[in-house]
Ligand SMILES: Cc1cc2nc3c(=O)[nH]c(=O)nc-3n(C[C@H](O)[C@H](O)[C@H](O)COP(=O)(O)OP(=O)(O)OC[C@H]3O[C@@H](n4cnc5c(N)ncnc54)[C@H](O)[C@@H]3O)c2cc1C
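Here you get one chain, nothing else, as structure tokens; it is the form predicted on its own.
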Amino acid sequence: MESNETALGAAFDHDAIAREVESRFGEFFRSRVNPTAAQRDRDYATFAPELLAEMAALGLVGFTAPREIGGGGRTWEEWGHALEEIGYRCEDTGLPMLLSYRETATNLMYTSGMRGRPHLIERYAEPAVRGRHFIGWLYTEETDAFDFTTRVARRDGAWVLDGMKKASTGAPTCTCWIVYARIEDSDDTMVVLVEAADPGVTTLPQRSLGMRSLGVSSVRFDNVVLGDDRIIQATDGLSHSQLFVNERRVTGSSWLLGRMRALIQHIIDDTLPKSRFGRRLVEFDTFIAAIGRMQAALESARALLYRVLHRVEQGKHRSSYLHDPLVAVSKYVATEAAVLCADTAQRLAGDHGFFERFEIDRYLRDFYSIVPIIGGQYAIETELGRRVLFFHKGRGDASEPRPLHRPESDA
């Protein structure tokens, strides 16, 4: 009989993934990424396309993409565990987030191609795996999905796109974007492919609290003309978007755990030389208990994430529904754990958490930056609360969700 521990995915060999990440990518992070992490943060500088192409050659891009297009063909569960180790070893928090973002965008492009749009695979997904295309995802505006100001309309045999998206991750190196726009004179949403070189496309850099190496920018569309070959999905873009959102929440939790591990070790190393009243600070019960609180938060988030990763691999997650609740909770719990760690670290570090030269401030800013993104904390609370009230009102079984929108089309 299978034990509960195995059922929750605890039997997965995380140590094997950790050894693989170290052997394949560890030296790359130490020599090519970590030495310049602080400078990138100060300069709001992102990663050069040449460096990203080097990462693709190493296998850091396309880890889960099919082998037939040059990907690693690995499972999503393996990728989640790998991202934790990448987050632990990479001192620039923006990089594991960018890698997870690009992985999901590339997979989404491949999936879209398999649904009757094969040219998307040849032109975009396969080059992305090989580091020749960098795919972005543009959804967020200052309104909800049912009232997008970004519109697409049919004009003279072509589609014309106008509007603005609030934030693009990795915008300076994006060569194309998956864009969600409301269809003119309709309540429906279309998904289109826009290239950075298309006339009428403008990126506007945005300064951020943390993860500054992401190169976040707004993207504006002014009379951008698109052919039918740029249509990714003609209707029900909301369903399409959920394939991205649910995966992003899983991977956002994954690499964040690694960064939390690194912060705990950084705080211990920073405190080791300090003493008060003739005693080393690390010997004080208050310090030991604080480290224990941080570790407890980390382990709680890890237990839930590993369960989610295993569940996703078994195909039990609900990617075609408006937010898988357990995936959303995993992101929520990991973020709350990270904020607790950041708050505790700031108190333990004292003035070392204030001055840049101790490199603790970046952890704090990066962790607090997770709160409003990848599905903000309040948004997740609202989603979960609405779900509970919905089933309470109908006395339904919360374990059997009902579709909140049309199911995805195979077209």
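Small disclaimer: the values here were computed from a predicted structure and weren't measured. Start at 1 with the first residue shown and count on from there.
Same protein, other form: the form predicted in complex with this ligand, not shown, and the subject of what follows.
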| message | So this ligand isn't shown here. In the predicted bound form, which residue out of A65, V33, A342, I374 has a non-hydrogen atom within 4.5 Å of it? | response | I374
| Sole residue of Y139, Y110, W79, F221 within 4.5 Å of this ligand in the predicted bound form, by heavy atom | Y139
| field | Listed range touching this ligand, judged in the predicted bound form by heavy atoms within 4.5 Å, from 250-258, 167-175, 269-277, 119-127 | value | 167-175
| task | Using the partner position in the predicted bound form, report whether I69 sits within 4.5 Å of this ligand, counting heavy atoms only. | result | no
| Looking in the predicted bound form, any heavy atom of A379 within 4.5 Å of this ligand? | yes
| query | Using heavy atoms and a 4.5 Å limit, would one call L161 a contact residue for this ligand in the predicted bound form? | reply | no
| said: Even though the partner isn't displayed, in the predicted bound form is M211 close enough to this ligand, meaning a heavy atom within 4.5 Å? | reply: yes
